[in-house]
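The chain below stands alone and is given in structure tokens; this is the form predicted alone.
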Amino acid sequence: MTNLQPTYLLELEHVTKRFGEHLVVDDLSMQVANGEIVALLGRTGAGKSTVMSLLMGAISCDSGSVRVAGFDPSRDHDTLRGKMAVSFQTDRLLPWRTARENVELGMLILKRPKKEARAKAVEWLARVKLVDADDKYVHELSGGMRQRVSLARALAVDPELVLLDESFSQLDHATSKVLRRDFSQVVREFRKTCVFVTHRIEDAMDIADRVYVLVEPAKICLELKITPEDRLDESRKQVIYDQIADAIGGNDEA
């Protein structure tokens, strides 16, 4: 019997999640195609991080199904090992390791040869524009540089799916904008699939192919596609921005 690849790399179907009596995710369905960058937008309390935890397999849903490459991330940890990588709001770097050693870490955990891990770490630091930071420790790096190391660590394991949980939100707007641009270039070059959580419309407008706006409890109130042409046309860009802001019910700093 031939094993067919799933149409989507990631699928949630009628997912519901409660914490006690509190309904956090309400009948949520969404799909993400291979090579697509998708943003989950919404105010604090809209359930974005809970959805991310479901995708990571950190928690399981109460009803419905979550599938990554056809597998349940909450059950099939070993099968999905190395296929997903996560970068968080805080960089979570180990201060006693250099930038290169932090990037090596995920590969070493996956039992990659040490020589290969070192070469890949240097390669990915260069790709996120940290050529001269290999031997610098965390305290020697700026916030933007630390986040670049975190992204390099996530990408170096060659995952099919990259999950970003507010990875740009701790940075000032100028630094965040440059990092978003560089991250988008790398992800598209290597055709990685990416889902990222943010509360800032600007993040989504800059790099997402598609946007899901969530309202509390986590359910989709708006889905929009964003094309490169939309980003280049200021009037079209403003229309999309206003649609998202109206759906969220406020500005991008909510």
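Remember, predicted model here, so these are calculated numbers, not experimental data. Numbers for residues come from their place in the sequence shown, where the first is 1.
Keep in mind that the form predicted in complex with a small molecule is not shown, yet the notes after this line are about it.
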Going by a heavy atom distance of 4.5 Å, is Leu10 a contact of the small molecule in the model of the complex?
no
Spell out, yes or no, whether the shortest heavy atom distance between Gly35 and the small molecule in the model of the complex is within 4.5 Å.
no
Given that the small molecule is not shown alongside this chain, does Arg188 nevertheless sit within 4.5 Å of it in the model of the complex, heavy atom to heavy atom?
no
I'd like to check something about Gly70: if you look in the model of the complex, is any of its heavy atoms closer than or equal to 4.5 Å to a heavy atom of the small molecule?
no
Between the options Ile207, Leu54, Val195, Ala46, which residue brings a heavy atom to within 4.5 Å of the small molecule in the model of the complex?
Ala46
In the model of the complex, which of the stretches 27 to 35, 224 to 232, 60 to 68, 46 to 54 has residues with heavy atoms within 4.5 Å of the small molecule?
46 to 54
